[in-house]
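Shown here is one chain on its own, the form predicted on its own, set out as structure tokens.
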Amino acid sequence: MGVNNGTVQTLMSDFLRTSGGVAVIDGGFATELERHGADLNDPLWSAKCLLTSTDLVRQVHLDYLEAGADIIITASYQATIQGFGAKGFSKEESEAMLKKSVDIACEARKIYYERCRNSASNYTSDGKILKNRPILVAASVGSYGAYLADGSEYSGDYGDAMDLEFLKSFHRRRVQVLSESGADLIAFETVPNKIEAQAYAELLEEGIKIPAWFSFNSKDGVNVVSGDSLIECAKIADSCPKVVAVGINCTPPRFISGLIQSIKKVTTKPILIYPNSGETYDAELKQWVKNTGVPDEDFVSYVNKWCEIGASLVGGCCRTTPNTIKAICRTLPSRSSYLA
């Protein structure tokens, strides 16, 4: 565990206190897998590498830890029992793959701590941060739309699947397995609509013993991508005792400040933000449109403002890299001691 002796309710507050008030989340995972040559043109997306490239998954986790991330998110965003089943895997094999995603992240954390112990400095000559600090492993749960692999996590329109009990049934066993696999918390990511947030909140009350965060996405800076009110979605997160942080991911940086202000109206829980690079995703071509985002220096220029207005967990999503995370660490006043 990244924080010892904490209850579900205090895990995040304890963690933030030991992190100097602001914690750093990792960056784009699939972005890095592809940069290293992985072919993710598959319904499993980054979870494909749980079958083919476990060493690469571990290395990407390590790259983000050495860039300064305090929270690493598992490669299970698009890993579902149903998705593995469509590939011919049994239920037991599919559940083992979910557990593997957490095991790999925990292994990376263990290796990182060993490197920290063997390092004479917190900051190496080649730019790696080797600071012994609390680190959390967050088990990623992507939306039903992510499983569909048709871009509907960016619209929130599931057609006939817009049913609370259906969504709970779809996610239930996956959430159970991930919660029992050794992760510190569950990251419900890129939540596109209110009904799926409600499904997650109800599942967390079914005996899940670790906390979670809810992270929504927006394409207009006001609502979540389905058109549902962000404020109403954040209220669901606020009302769930096991949710220890709420925020935004995979959203253009230009929208983040206003979205933080909206979330602050309905919760006092820590606010997390890990935007994408601002690039546009083409759901039909299944690729990001080049030259539509912002460079790292512009992305990072927002970070201190986001923290000033209420964010206490900051990182990156699609198309951000370890260099982005390293730049975030450099710009945060609470991180200056790392670079001494």
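This is a predicted model, so every value here is computed, not measured. The first residue of the shown sequence is 1; numbering continues from there.
Beyond what is shown, the protein has a form predicted in complex with a small molecule; the following relates to that form.
Proximity of Ser152 to the small molecule in the predicted bound form falls outside the 4.5 Å heavy atom cutoff.
At least one heavy atom of Thr190 is located within 4.5 Å of the small molecule in the predicted bound form. Taking non-hydrogen atoms only, Trp306 never approaches the small molecule to within 4.5 angstroms in the predicted bound form. Among heavy atoms of Asn249, some come within 4.5 Å of the small molecule in the predicted bound form. Contact with the small molecule in the predicted bound form, defined as any heavy atom within 4.5 Å, is confined among 121 to 129, 249 to 257, 195 to 203, 164 to 172 to 249 to 257. Though the small molecule is absent from this view, in the predicted bound form it lies within 4.5 Å of a heavy atom of just one residue from Leu98, Val243, Ile73, Ala234, which is Ile73. Contact with the small molecule in the predicted bound form, judged by any heavy atom within 4.5 Å, is made by just one of Val300, Ala30, Leu313, Leu44: Ala30.
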